[in-house]
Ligand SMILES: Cc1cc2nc3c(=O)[nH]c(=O)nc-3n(C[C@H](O)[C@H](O)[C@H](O)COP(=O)(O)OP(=O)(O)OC[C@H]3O[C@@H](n4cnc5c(N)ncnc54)[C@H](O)[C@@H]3O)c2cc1C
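Quick heads-up: it's one chain on its own, the form predicted on its own, in structure tokens.
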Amino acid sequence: MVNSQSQSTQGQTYDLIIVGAGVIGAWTAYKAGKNGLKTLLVDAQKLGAGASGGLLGALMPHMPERWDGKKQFQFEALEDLPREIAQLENETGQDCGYNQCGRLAPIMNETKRGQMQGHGANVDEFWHGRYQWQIVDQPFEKDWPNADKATCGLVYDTLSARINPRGLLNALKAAIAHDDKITLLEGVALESYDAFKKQAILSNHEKVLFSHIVLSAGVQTFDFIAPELKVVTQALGKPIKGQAAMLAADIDPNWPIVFDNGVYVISHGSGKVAVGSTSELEFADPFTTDEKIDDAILRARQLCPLIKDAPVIEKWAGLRPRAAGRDPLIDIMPEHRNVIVSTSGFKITFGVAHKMADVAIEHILGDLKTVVPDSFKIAAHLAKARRAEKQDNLS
């Protein structure tokens, strides 16, 4: 790999340019190299500098009910992720912090308990009986979570997992660094591209040529594609601010994630526990932590008293892309089959990014094998965006 500004790309031709080196872009570059594609990966900051560089790392499946293509796609991705991570760790010697530790979620009332019990049959069907879905009446361990949260029981599933976001990104960067098919330019943004001429202008004023381009620049991707789709950017997708924190607490790394009413508590091992996160539609400063994460920390301490005195060692804030339909957006542009959009995912991105990368590479190779839900495609997102525009005009 050629990194940063050590080599000029002026006038060079690439099989693939990837714009944005978050977790989706990094997985896509990694898999492009595996397929022998000469690849240029550019990021306006550095690999993992955006929303992907957070702290939480929760990998949780959707509820096993009202099964649809999105849930199937995510299930297949979560099932395949351990193999993908093992291969990446073997190649790089880097620890991604993956652990299929499961999840505990308090049940709010007896009516909800009955509903949760009813999902057992769904798990047998949709999860193929390979994972547990149980109603338990006691915390996993004392105060994990607070027994007061278990008065109506807890749902325990064994499909949920956690990963160290920065550990995964470091491993992907290390793998990319050993692949001479891939050039990584950090601190270089995409200024513009012309799909017909197959050329891109970078912020370092260099012009590069490409066969295909993947737009995986998070929130900025909506800015790139909205004009061509003739829709207002904010209707197509919006940034959602998230805040999280890391606490110093020596909790068994094999203990399950605890999740309750939007609050996560995740033991990452090495004396660290991640808590969060917020989902803020309105915010003054996207990258500054404030009282909202302090409130989430307080709620996490109440949820899991074992961390009630754990000191905070880091707070983090960043922006996540949420497309109009909240689903991932992975598709080719309508008028340009050499332009692939791969972004969003919102809360499930880390669990599906490797599979989104597969879809992008299959589009490039002209052999789409992965079943992509209609709700992930541009047409579905565009329809929702236009409905949102119409509603705004009526308002």
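The first residue of the sequence shown is number 1, and the count goes up from there. Quantities reported herein were computed from a predicted structural model and do not represent experimental measurements.
Form predicted in complex with the ligand: not shown, discussed below.
Answer for Gly237 alone: is it within 4.5 Å of the ligand in the predicted bound form, judged on heavy atom distances? No, no contact at 4.5 Å.
Contact of Trp67 with the ligand in the predicted bound form (heavy atom, 4.5 Å): Residue-level check for Trp67: no, no contact with the ligand.
How about Gly33: is it within 4.5 Å of the ligand in the predicted bound form, going by heavy atoms? Because no heavy atom of Gly33 falls inside 4.5 Å of the ligand in the predicted bound form, the answer is no.
Can Gly218 be called a contact residue for the ligand in the predicted bound form at 4.5 Å between heavy atoms? Gly218: yes, in contact with the ligand in the predicted bound form.
Stretch from 99-107, 173-181, 188-196, 148-156 whose residues place a heavy atom within 4.5 Å of the ligand in the predicted bound form: Only one stretch qualifies here: 188-196.
Within 4.5 Å, heavy atoms only, which of Phe210, Phe224, Trp127, Trp133 is in contact with the ligand in the predicted bound form? That would be Phe224.
Identify, from the list Leu37, Ile361, Val339, Leu56, the residue with a heavy atom within 4.5 Å of the ligand in the predicted bound form. Answer to the contact question: Leu56.
Counting only heavy atoms and a 4.5 Å cut-off, does the ligand in the predicted bound form sit next to every one of Phe140, Pro256 and Leu298? Zero of three within 4.5 Å in the predicted bound form.
Using a 4.5 Å cut-off on heavy atoms, what residues in 275-302 are near the ligand in the predicted bound form? If the 4.5 Å heavy-atom criterion is applied to the ligand in the predicted bound form, 275-302 yields only Ser277.
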